[in-house]
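Quick heads-up: it's one chain on its own, the form predicted on its own, in structure tokens.
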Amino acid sequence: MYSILLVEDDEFVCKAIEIILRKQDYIISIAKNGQDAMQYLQKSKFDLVITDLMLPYANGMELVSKMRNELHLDVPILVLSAVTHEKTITEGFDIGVDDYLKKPFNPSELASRVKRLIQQKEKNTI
């Protein structure tokens, strides 16, 4: 089974994503803010991180930057956010985001992107 860290402060969105991904047999850990996410990342190994950009304590971009530059994690990162500014999206890709999905999202598209990112990681590990 694959393990996913979901970083999302909106309870409704969090629950919806959790239901979608648990149906696909993923193990989900939830962090409500960037600070909690960093603690999870320092203690556990994940196959994928899904994060919002607008988070308390450390926003999604800060989290991605710390994951790549301080923790040196190569785990795939999917940003799931209502922020649609092209500059923000390209900045995310520049600092190490692997994929971006806009809110509101289609559940089947989320499941498909999650599966693809994990499969890509598997191919790169072999």
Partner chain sequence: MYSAILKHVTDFYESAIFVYCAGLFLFYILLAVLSLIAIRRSLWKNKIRGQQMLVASPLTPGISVIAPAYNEGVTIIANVRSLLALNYPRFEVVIVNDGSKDDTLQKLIDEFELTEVNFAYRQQIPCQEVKRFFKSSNPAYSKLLVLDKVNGKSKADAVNAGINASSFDYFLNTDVDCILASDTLLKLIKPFMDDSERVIATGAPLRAANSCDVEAGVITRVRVPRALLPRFQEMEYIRSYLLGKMGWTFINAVPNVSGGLGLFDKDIVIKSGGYDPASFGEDMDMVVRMCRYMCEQDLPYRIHYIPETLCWTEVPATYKVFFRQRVRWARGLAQIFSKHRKVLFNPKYKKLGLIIFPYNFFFELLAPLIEFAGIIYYIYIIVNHLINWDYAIILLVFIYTFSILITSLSMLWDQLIFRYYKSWKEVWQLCILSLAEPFVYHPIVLFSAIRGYFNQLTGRKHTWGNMQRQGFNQSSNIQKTI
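Numbering follows the first chain given and starts at 1. Computed from a prediction, not measured in an experiment: that's the story for all the values here.
One more form of this protein, predicted together with its partner chain, exists but is not displayed; see below.
- This chain is drawn without its partner chain; in the model of the complex, the residue among Ile28, Met38, Met61, Leu73 with a heavy atom within 4.5 Å of it is Met61.
- Heavy atoms of Lys45 never reach within 4.5 Å of its partner chain in the model of the complex, leaving it off the interface.
- Residue contact check for Tyr57: one or more of its heavy atoms lie within 4.5 Å of its partner chain in the model of the complex.
- For the chain shown alone, Lys66 is a contact residue for its partner chain in the model of the complex, at least one non-hydrogen atom being within 4.5 angstroms.
- Though the partner is left out of this view, Val83 does reach within 4.5 Å of its partner chain in the model of the complex, counting heavy atoms only.
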